[in-house]
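One chain comes next, on its own, written out as structure tokens in the form predicted alone.
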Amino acid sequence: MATLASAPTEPIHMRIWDIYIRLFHWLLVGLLAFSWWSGRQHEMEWHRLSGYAILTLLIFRLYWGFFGGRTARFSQFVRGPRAAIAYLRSLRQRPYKAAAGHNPVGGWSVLLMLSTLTAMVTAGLFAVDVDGIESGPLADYVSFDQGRAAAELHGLLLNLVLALVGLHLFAILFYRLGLRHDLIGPMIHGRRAKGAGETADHLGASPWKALVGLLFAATCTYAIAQGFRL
């Protein structure tokens, strides 16, 4: 008697990104694009508000790096140079073995992007335009020349951020075409296929901790936006 062919089993998925990291990522993408547009169009009020929103996201991400879900914590993905070099060498092996979160090289790129964004926003807080009309909320704490230097630094760092975004897009294409590994999908729905021998550990992303982090970030941003004159 003929036997029925067994149906192909669906791959078992594991969750690697919590909802708060995904919201942070896509909100940051949208706000960066809006900040670039508003700056180019000299819509400085919108540019300023967008900068405050980015600052809120960055403060939250710093908080979430210590109190967030498992893969969001800095202790999970910040590794030394040896780990990064070992990971780069492992890219020649097939099949590609994905990390449960950021890989050692990706972890350093995250720190570089966050540091550059923080420096860019900080420079914008002290920036003053040529006429001294438009200025950041902390411009009163520095001289006019220092404010102008901060404005120039703000623009230079924006160019560096755009370069890092381009490098990030290149990495996405490399992983997709070269390693057959999708980075965008998991950042949308939070899951990827579980590899052999991997365990699907709980992320542990507490909504209460996220709420505390959001309130903390919003409070810090409000105080900065008021020039600490509360």
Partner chain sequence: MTISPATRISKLALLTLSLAAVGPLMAAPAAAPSPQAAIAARQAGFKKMGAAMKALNDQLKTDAPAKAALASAAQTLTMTARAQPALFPAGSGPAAGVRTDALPDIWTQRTVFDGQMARMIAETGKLVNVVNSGDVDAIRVQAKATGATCGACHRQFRADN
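Numbering follows the first chain given and starts at 1. No experiment lies behind these values; they were computed from the predicted model shown.
The discussion below concerns the form predicted in complex with its partner chain, not included here.
Just one listed stretch, out of 78-86, 91-99, 109-117, 144-152, contacts its partner chain in the model of the complex at the 4.5 Å heavy atom level, and that stretch is 144-152. Only one of R176, R191, H168, H42 comes within 4.5 Å of its partner chain in the model of the complex through a heavy atom, and that residue is H42. In the model of the complex, no heavy atom of N103 sits within 4.5 Å of its partner chain. Under a 4.5 angstroms non-hydrogen atom cutoff, its partner chain in the model of the complex has S135 among its neighbouring residues.
In the model of the complex, its partner chain sits beyond 4.5 Å of every heavy atom of V121.
At the 4.5 Å threshold, heavy atoms of A139 reach its partner chain in the model of the complex. Residues V128, V130, D131, G132, I133 are the ones in 114-134 with at least one heavy atom within 4.5 Å of its partner chain in the model of the complex, listed in sequence order.
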